[in-house]
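One chain comes next, on its own, written as C-alpha cells: the form predicted on its own.
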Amino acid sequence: MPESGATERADRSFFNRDPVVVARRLLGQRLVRRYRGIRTSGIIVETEAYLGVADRAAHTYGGRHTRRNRSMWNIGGHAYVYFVYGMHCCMNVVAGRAEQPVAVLLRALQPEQRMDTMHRRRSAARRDVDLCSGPGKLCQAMAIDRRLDGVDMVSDNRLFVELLRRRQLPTRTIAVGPRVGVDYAGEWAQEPLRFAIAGNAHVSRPRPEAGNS
C-alpha cells in the first residue's frame, strides 16, 4: 500500500521516461481531480503502457498524427483524454519525450476522497469497488472528459498526480498481463503491458495474474 504522509506532486522527470517504467511507477500513486471546488482522488491500481509508433495497439501506430491523438505527441506529463465507443472517455498520461509519442492508460483507481461525489456521478455503481474499476468508470467518477485533453498535469491544478511513494512498488506485488480490448493489434495484443497491484479489489476484470512480473 502507499506510503503515508508524502504529498509531493509528480514533476516532469517522473513522466519523462519509458512508458513501461511510468506505468509501473504510477501504481500506488494518487490521481487528483479538482472540479467545481470539489477535490476527488484515488490511488492508481491498474495501468497499461502504449509504446507509440511501433505498437499496433497505440493510437499513434505508424506515426499517425491526428486531431484526436495530438496530445500523445506532447512531452511527458500531459493528459491524453479520448472518447471511445460513443459512450465514455478514457484517460492516458503521456510519457517520454515530446514527439515520441507514448502514453500510459489509467485503467483503475481505488477511490479515496469524496466517494459520495463519485457515487452521484456514477449512480449505477452500487459498491465502492465498482466506482473506478475500469477506464471509462474512472473518468466518469472523477469528472474527466475531453475538456482535459492536453492538460499539463505538472502545472495544472485541475488534474495531477501526487507521489505517495518514492520508489516503484516491489516487483512481487505487481501483477502483469496482456492489455484489454486490443485484439485488432495482432501479436501486440499479447504483449505483457498491463500492470496492476496484485490482489487489489478495485482492479478491472479480467484481472492480470500475480507472479507474472
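These numbers were taken from a predicted model, which means no experiment stands behind them. In case it trips you up, residue 1 is the first one in the sequence shown, and so on.
There is another form of the same protein, the form predicted in complex with the DNA; it is not shown, and what comes next is about it.
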Worksheet entry | Interface residue in the predicted complex among Arg147, Arg165, Arg39, Arg68, criterion: non-hydrogen atom within 4.5 angstroms of the DNA | Arg68
Worksheet item: Is there any non-hydrogen atom of His59 lying within 4.5 Å of the DNA in the predicted complex?
Response: yes
Worksheet item: Is there a heavy atom of Lys137 lying 4.5 Å or less from a heavy atom of the DNA in the predicted complex?
Response: yes
Discussion item. Taking the DNA as it sits in the predicted complex, is Arg34 in contact with it (heavy atom to heavy atom, 4.5 Å or less)?
Written reply: no
Item to complete: Considering only heavy atoms, tell me if Arg158 and the DNA come within 4.5 Å of each other in the predicted complex.
Response: no
Item to complete: Would you mind picking out the stretch of 165-173, 25-33, 150-158, 182-190 that comes within 4.5 angstroms of the DNA in the predicted complex, counting non-hydrogen atoms?
Response: 182-190
Worksheet item: Are there residues in 102-133 with a heavy atom within 4.5 Å of the DNA in the predicted complex, and which are they, in order?
Response: Leu105, Arg107, Arg122, Ala124
